[in-house]
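Below you'll find only one chain, the form predicted alone, shown as C-alpha cells.
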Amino acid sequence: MRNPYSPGAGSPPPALVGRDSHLDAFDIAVQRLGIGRAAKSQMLTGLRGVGKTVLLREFGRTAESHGWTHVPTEATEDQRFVESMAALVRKALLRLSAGRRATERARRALGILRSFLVRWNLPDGGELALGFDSVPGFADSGALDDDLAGLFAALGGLARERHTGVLFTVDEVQYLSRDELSALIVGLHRVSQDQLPFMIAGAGLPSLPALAGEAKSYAERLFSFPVIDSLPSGEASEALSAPAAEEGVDWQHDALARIVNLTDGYPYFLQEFGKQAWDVADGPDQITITDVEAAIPVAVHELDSGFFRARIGRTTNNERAYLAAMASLGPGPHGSGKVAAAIGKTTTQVGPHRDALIKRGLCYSPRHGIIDFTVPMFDEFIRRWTA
C-alpha cells in the first residue's frame, strides 16, 4: 500500500488544505487578464514550511489549464537577477513561437530580447537569437526598470496576439535587492497599464510586503499579499486523515491530536510526521497513538538532518552563536537587545551577524528592534543541535 504522505503520492498535500480562496482568486485573475481586464496577482508571504512553494506550483497548473505558458524560477542569494529574467523571457518566447511561423510581432519580440541580451552583456540565447536583428530603443537603455518593462511588454504583446497568456512564478522573492524588486514591479506595472495577458506571482518571507512597498509605493495596486500560515486544528486534522481515508485507513483520535499539537499545524511538518507514522504503523487499517510515539523520533531526525540543517550550512560561527542566543530565549519574537545580551555583547557589535542572518532568510524583523526565526520550531532544533 502506498504512503499517501510521500511527495508525489497523488493525494493533495497538506499545504493545499484550506487554501481554496487563494486558488480561486488566482484563477479569477488569470481569466480577467485573458479578456483584457485588470487583475491583481499574489505575493504569498509566510514562514518556511507553510506551503507557499506548493501554492505557487498550483498557480502554475491553474494558468496552464487556461492555455497559458508558465515559467517558474527561484531567487537565490547569489543569482544574477537580470540573467534570470532574460532566461524566463527566452523560455516563454520559445514556447509561444514553437511550431509557428514567426509573425512580425514575434520577430520584434525576439529582436527586443536580443537587444536586452547585448546591452546587459548576457549570453545570446543560442538558436533563439540567430536570424533576428536587434530592435533598439525598447530594452537597451541600461536602466533596469525601463529595459525589463520593455521586455515584458514585448512578451505580453506576443501572448495577446497568440490569444494566450504568460505567467512567471518567482519563489524566495525576499532575496531580490531593492533595485531588482523595483524593476520587477515596474515591468509588471507597464504590462498592466496595457492590460496585457502577463502575470507575475511570487512567494517570500513575512518581510516581503514591506520590501515591496519600499521598492515601489504602488506595489499594493499590483499585488495582494496573502499571509500563508499554519493550519487550524480542524484543517490540520483533515490534512492527515483525508489521504489515509483514501487508502482505507483511519487515524485514532488521540494519534491525530498528538501530531496536530506537536506540529502546530505547519503543513511541511504534518506531512513529515504523517509519512513516518504511516511507515511504522502495524495497521492494517488504523494509525494509533503507539504508532505516532514510535514515529516521533524518526520524524524529528528527518527534519533535523534535512529541513533544518540545510538552512544553517552556510552560516559562520558568529552567526551560529547569534542563532543559539535566540534559541536560548525560547520561541520568538525577541528584542534585539535581549539577544545581544545573551551573547554578552551590544546590539551594535552583533548587528552585522543579525543583518547577515536576515539576508540569508533565517531570521526576519517583524518590527523595529525585534527579531524572529523564519523557520517554525527552529529554536527547538538549535537547542537540540547545540546540546
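Residue positions are given as counts along the sequence shown, with the first one as 1. Everything numeric in this text was worked out from a predicted model, so none of it was measured.
Not pictured, yet referred to below: the form predicted together with a small molecule.
Taken together, K52, L231 and A239 are fully in contact with the small molecule in the model of the complex: each brings a heavy atom within 4.5 Å. None of H334, R354, R48, K40 but one reaches within 4.5 angstroms of the small molecule in the model of the complex through a heavy atom, and that residue is R48. Comment: the small molecule is not present in this chain, but in the model of the complex one of Y268, F225, F81, Y175 has a heavy atom within 4.5 Å of it, namely Y268.
Here the chain stands alone, but in the model of the complex its contact with the small molecule, taken as any heavy atom within 4.5 Å, falls in 268 to 276 among 104 to 112, 289 to 297, 82 to 90, 268 to 276. The small molecule in the model of the complex comes within 4.5 Å of a heavy atom belonging to V17.
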